[in-house]
Every structure is written in structure tokens, then in C-alpha cells.
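In the block that follows, a single chain appears as C-alpha cells, in the form predicted alone.
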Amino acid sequence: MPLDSHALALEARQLFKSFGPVKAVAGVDLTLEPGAALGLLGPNGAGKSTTLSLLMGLRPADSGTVQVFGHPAGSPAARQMIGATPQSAGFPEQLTPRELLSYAAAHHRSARQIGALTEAFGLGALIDRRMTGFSGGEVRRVALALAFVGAPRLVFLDEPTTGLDSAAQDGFHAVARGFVAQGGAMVLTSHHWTEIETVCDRIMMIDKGERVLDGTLETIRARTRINRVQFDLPDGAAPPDWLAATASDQGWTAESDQSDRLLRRLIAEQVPFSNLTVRPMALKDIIARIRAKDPS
């Protein structure tokens, strides 16, 4: 099914969901276009899993609407367009990955070739083995392949690289970027900040069921143009007081939104630094800084 670049992949309006007195989701709005990847973030208990279940149509909202390419979430038409990998997956151990993938493919009008999925997720040595004794990482690779078997237009991936080694993580990142580059849409949760930065172009943070931050990576970075400056000093030397640097096992560290001026002043004052590096702040530190300035 060709992708319709004019339709929103996902549109949620004023989602509310409570469990007794606890508001798990409180007025979340979300839109996602084809060819975009959204990183859904938040602390444990923030409402991420409940939000995902509402977006996928796995549970009804108390109020609000969710549409997938114009179809109500959970409807047969919407289910045909999505793929998903839950945070944990349990498969019948007597089956092989090929049997699981073939069974899932039979339930979709469009499906990817098993061979392509085998290659994409490194399942060659596993594809015809019974799943008895599979490691957590091997089960995870099968679960990721299942998310893409139906040639989905939108995928939901909950902690997709849990249990994967670095090579398998890199392989997944390549698949995810390729899927989005070809017009697919993606919602991804992860505790790995580098993964969010690698795969996603937009971030939404939920806390206590409410959306507290939403924007592109570029926009979020623009809200705090601070670099982290690291350098070494000779034993017994200390940085000047104006620098407000802190010491660690990695040397001295300072933060500045004018790192070029900082460097010129260090040179002018003949501070005996060495091994100086200037790096942008990590995404998790940027978000923490934004939340500290604007806790609402």
C-alpha cells in the first residue's frame, strides 16, 4: 500500500485515561506525519505505557480520539497499518522464527519477504531453530522483525533494543532510519538517550500523564545553546574562579554558551590547560535544564 504523504500518520486529541483516582493520561494531544520518528519520554510511572496503549487502540480512552491515517485506532483498517514491539514478548518456544513470521504475514494484505527481515535483523542462524533456549537478545530480534512483517506504515516500539548487543543495536538503528526515510512513521520509547538522538527527529515528554515538552531535536537544542568544555591542568593547578569549573576523573569541566570567548580568555590569561574539548550538551542534560527552567 503506497504511503499517503498528505494524511497524518497519527492524530490524538485530548486523551484522558484514569484508573480509579489516578490520572494516567491527562489531556495529551499528539500529531505525527509520515516520514517522522517521535521519541516518547518520561520517568517510570509517567503514563508512557498507558499513552502507547491508547495510541495503538489496545485500550479505550475515557475521552478523546485517536486516528491512524484517518481510521479510528483499534479498527481493522488501523490495525492493518501498524506494527508494534512491546517491552516484553513471550513466544511459543516450540515454534521457529520463520513460522512466527509466516503466521503474522498471513494476517496482512501486504507483507515483507521473510528473507529480507531475516537479513535486516540478523536472524540467519536462528530462523529455523525452535525458540527453546533463545537468549533475551535473540527473542528481541524476533520481536522487532515481527513489528515490520506486515509492511506497516506506522510502528510503535517500546524499548526496542533491550537485551541487544551493540552490533544488533546498530543494525536496528539502520533499519529504523531507513524505514522513516522511506516515509514510515515511528513512535519509540527508550531509556537510551543516544538511541533517541540517533533515530528520532522529535521528542515528546510525558510526566504525571501530561505532555510537558514537545518539539523537534533542533528546536529543543536551540532553547539552550550551552556547550560543555573539558580540559586538563597540571597537578596542583586550579582554574580561575570566573570559570566555575568542576573537577572529576575526566579532568575539569565547565559549561558556557560562549565557548569561543571562554577559550580566548583562557589563552589571554595564560591558563596552562591541555586536551581541551568542546561538545554540545547531551540531550538528557538539555531536557533536564529546560525542565528546571520551566517545570510546568
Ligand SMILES: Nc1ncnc2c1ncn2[C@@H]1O[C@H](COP(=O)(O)OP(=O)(O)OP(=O)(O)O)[C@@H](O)[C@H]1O
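Given the structure is predicted, the values throughout are model-derived calculations rather than measurements. Residue indices: 1-based, along the sequence shown. In this text, rigid core is short for the largest set of C-alphas that superpose within 1.5 Å between two forms.
What follows is about the form predicted in complex with this ligand, which we do not show.
This ligand in the predicted complex is not approached by residue 288, whose heavy atoms all lie more than 4.5 angstroms from it. Proximity of residue 49 to this ligand in the predicted complex falls within the 4.5 Å heavy atom cutoff. Interface residue remark: residue 270 is not counted as part of the site for this ligand in the predicted complex, having no heavy atom within 4.5 Å. Residue contact with this ligand in the predicted complex: residue 264 places no heavy atom within 4.5 Å of it. A heavy atom within 4.5 Å of this ligand in the predicted complex is found for one listed residue only; from 240, 60, 70, 45, this is 45. Between this ligand and the residues 223, 107, 130, 191, the one pair within 4.5 Å by heavy atoms in the predicted complex involves 191. Shown here without its partner, the chain carries 22, 87 and 159, all of which come within 4.5 Å of this ligand in the predicted complex through at least one heavy atom.
Stretch 36 to 44 is the contacting one of 246 to 254, 228 to 236, 62 to 70, 36 to 44, since its residues have non-hydrogen atoms within 4.5 Å of this ligand in the predicted complex. Once you line up the core between this form and the one not shown, the Cα of residue 22 ends up 2 Å or more from where it was.
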